[in-house]
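Have a look below at one chain only, the form predicted alone, in structure tokens format.
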Amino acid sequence: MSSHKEAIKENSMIIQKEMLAKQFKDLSMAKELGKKVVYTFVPGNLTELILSFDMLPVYPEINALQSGMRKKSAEYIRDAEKIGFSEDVCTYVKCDIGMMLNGNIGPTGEKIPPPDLLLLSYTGCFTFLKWFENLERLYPGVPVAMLHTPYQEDGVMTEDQINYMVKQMKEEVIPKMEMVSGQKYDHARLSKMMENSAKAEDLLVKILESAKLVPSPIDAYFAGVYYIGPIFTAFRGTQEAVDYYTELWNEVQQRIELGLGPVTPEGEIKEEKFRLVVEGPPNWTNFREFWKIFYDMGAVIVASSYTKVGGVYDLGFRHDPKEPLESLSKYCMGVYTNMNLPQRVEMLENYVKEYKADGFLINSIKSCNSFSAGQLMIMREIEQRASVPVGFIESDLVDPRYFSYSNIKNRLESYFQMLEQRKIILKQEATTI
């Protein structure tokens, strides 16, 4: 008998699984359905715009992380390295290229069609530019639409920046979408989709902010990556997304009423011993083992930066039906990867305080410069400003060679011991006052 027991699943997870399965099924039948396919990215995506042209989006990062979770990424990465990709290149890229070299069979086992349009939405990750240069070579003749998102230099979005982005959409992105899809841009349809986006965003914020409760009914990092799935990928702007988040919010409310902790694949966390804020993406190849280390220690992640990669909705942004193109522009500029370091520090510091966290932890990803740059500075700043113990572990996105279970477990165990000690000292101080 396997020691790996069956993972516990909630209804919302089953709904999401069906949504994703349908998405990959539709992609595998794109030709028969007469649908055009757009390859694009998660941070700062134009999902509503793509869907308003009846086109299907493909996200290379999602394919890579799904491949990582299904233990297929090691082989893909090896194949990409064989044709010359260096060890230091983002492992999402290598996994994606390796998948193509192996017939472009997606994570669910169905073939992903080649792109009809490459939509390069650049939001703070330089690798995206290089990635699409490679895709352009692999798919010669496929049109490329570039949407360049200006960096929030002083932490503010200016009118000029918004106009610059709207101009690109009108002159560069939309004309190419019209050409590829054979449809005209439909302003009213896009506007209607924004209503669905805003509804789903309202619900997601309620769900993530439920972690302010003690005990938290959710884990905002390991479970959070499932929660953000539909809204960060192919479903923002759809009724399905609103239905999914309505179901998820109902589940979370039930957990709150019953005073229950988060559900994990190992079961429910019975006692919340530590509350953490985490910065950086998770490791996907050993996702369940990684989560179990926290589960075994009674550690719940109450807020994370990774669940803001596709939009920082809890800071107030919503897609606006009255200004669909301006709204998409502000959305692209406001994603976490496009925020400057002082903005990131301020956001994380507020999380530590508002979510009553006992500690702040960084999972530094070896091949992800967009996240790793500045992480040590962020760590020092949070330690000083929020006066909580900080921890630092290292792994990778989808390359199992850089996930050392024993090393991470040892580091986390000593970190949790430090948190435990601090709790004892704080308790003693409180009783002597």
Partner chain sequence: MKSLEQLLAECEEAAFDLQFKRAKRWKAEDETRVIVGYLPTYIPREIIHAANGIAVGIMGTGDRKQIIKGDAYYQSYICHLPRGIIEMALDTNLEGFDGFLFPAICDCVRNLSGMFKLSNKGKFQRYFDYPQNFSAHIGGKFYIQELEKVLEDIFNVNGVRVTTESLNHSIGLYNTNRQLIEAIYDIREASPWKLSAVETYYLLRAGLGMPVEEHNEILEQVVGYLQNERGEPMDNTRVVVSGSFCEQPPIGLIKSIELAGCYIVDDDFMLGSRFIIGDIDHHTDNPLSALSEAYIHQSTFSSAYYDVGNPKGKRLVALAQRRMADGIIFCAASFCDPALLDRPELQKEADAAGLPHINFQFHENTGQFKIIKEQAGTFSDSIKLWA
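Predicted model only: the values in this text are computed from it and were never measured. Residue numbers count along the first chain shown, from 1.
The protein also exists as the form predicted together with the partner chain; that form is not presented, and the subsequent description refers to it.
The shortest heavy atom separation between Lys322 and the partner chain in the predicted bound form exceeds 4.5 Å. Within 4.5 Å of some heavy atom of the partner chain in the predicted bound form lies at least one heavy atom of Gly84. Remark: Phe287 does not count among the residues lining the partner chain in the predicted bound form, judged by a heavy atom distance of 4.5 Å or less. Using a 4.5 Å cutoff between non-hydrogen atoms, Lys36 does not count as a contact of the partner chain in the predicted bound form.
Site residues Ala21, Asn45 and Val242 are none of them in contact with the partner chain in the predicted bound form, judged by any heavy atom within 4.5 Å. Site annotation in the predicted bound form: the residue of Asn102, Gln253, Asn350, Asn340 reaching within 4.5 Å of the partner chain with a heavy atom is Asn340. Proximity to the partner chain in the predicted bound form, defined as a heavy atom within 4.5 Å, holds among Gly334, Gly124, Pro115, Gly261 only for Gly124. With the partner omitted here, the stretch from 298-306, 224-232, 193-201, 341-349 that lies within 4.5 Å of the partner chain by heavy atoms in the predicted bound form is 341-349.
With contact defined as any non-hydrogen atom lying within 4.5 angstroms of the partner chain in the predicted bound form, the contacting residues in 118-137 are Leu120, Tyr122, Gly124, Cys125, Phe126, Thr127, Leu129, Lys130, Glu133, Asn134, Glu136, Arg137, given in sequence order.
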